[in-house]
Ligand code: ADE
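In the block that follows, a single chain appears as structure tokens, in the form predicted on its own.
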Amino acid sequence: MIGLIGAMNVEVEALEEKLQDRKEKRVGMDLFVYGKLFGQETVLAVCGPGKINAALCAQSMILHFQPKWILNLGVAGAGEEGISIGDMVIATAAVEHDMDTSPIGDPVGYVSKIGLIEIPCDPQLREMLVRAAGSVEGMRVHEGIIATGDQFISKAETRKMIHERFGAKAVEMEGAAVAHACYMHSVPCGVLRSISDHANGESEMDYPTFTRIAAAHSQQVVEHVLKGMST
């Protein structure tokens, strides 16, 4: 079984509508819907915004459905100049940019227990996502760090600081938390983000306008991946 997690309904709804033999299972406040999607046994969930929501959802998905891999998909803000609305960013690794125990000597972003700053994403899944995204006409694809934190980045100076510290190509609120949970359970993980805003002073304007378009792009890439697995 394959696991798909989005933070908002708009990020997974087009895929959920195509699910065959749909069933549901509620675990706590998370609703998991599962069945066959483009020939693959798949479970989908909407985790809600933020790292704790995402980690708890991923943990429940792992324990109750044992997916062979989990993909966190959806929208994000651009992490650097040159990445534009509508571009696709596929994570090589994810970081928790707001994790900071530097007063006791750790580098910013260091996650205790797993002992990492960069939480790796599965290279095989990443290659599948890159190929799928590359097959979508007109889509610009970037690979690199995706930075996660419990804040909507809307100031250019904050985006610049995160990029300078971590080299982030996208900023969002869930990816590293899903990767964190997957890493602790040895489940391969991917993070896929379509850019919906510039994470700067115009983000409040960009986000409502482009979220649905960006979400459709990421769902289109997932469709290509799953169909490719059936051939």
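We number the residues from 1 along the sequence you see. Every value quoted in this text rests on a predicted model; they were computed, and no experiment measured them.
If you look for the form predicted together with this ligand, you will not find it shown, but the lines that follow are about it.
Trainee: Sort through 151-159, 82-90, 134-142, 103-111 and report the only stretch with a non-hydrogen atom within 4.5 Å of this ligand in the predicted bound form.
Mentor: Residues of 151-159 come within 4.5 Å of the partner.
Trainee: So in the predicted bound form, does any heavy atom of M173 sit within 4.5 Å of this ligand?
Mentor: Taking the distances in the predicted bound form, the answer for M173 is yes, it comes within 4.5 Å of this ligand.
Trainee: Is there a heavy atom of I70 lying 4.5 Å or less from a heavy atom of this ligand in the predicted bound form?
Mentor: I70 lies outside the contact set for this ligand.
Trainee: May I ask you to state whether C47 is within 4.5 Å of this ligand in the predicted bound form, using heavy atom distances?
Mentor: Residue-level check for C47: no, no contact with this ligand.
Trainee: Can you tell me whether V178 touches this ligand? I mean in the predicted bound form, with a 4.5 angstroms heavy atom cut-off.
Mentor: V178: no, not in contact with this ligand in the predicted bound form.
Trainee: Looking at V75, C121, V95, L129 here, can you tell me which has any non-hydrogen atom within 4.5 angstroms of this ligand in the predicted bound form?
Mentor: The residue in contact is V75.
Trainee: Using heavy atoms only and a 4.5 Å cut-off, determine which of C189, L192, A199, A58 is in contact with this ligand in the predicted bound form.
Mentor: Answer to the contact question: A199.
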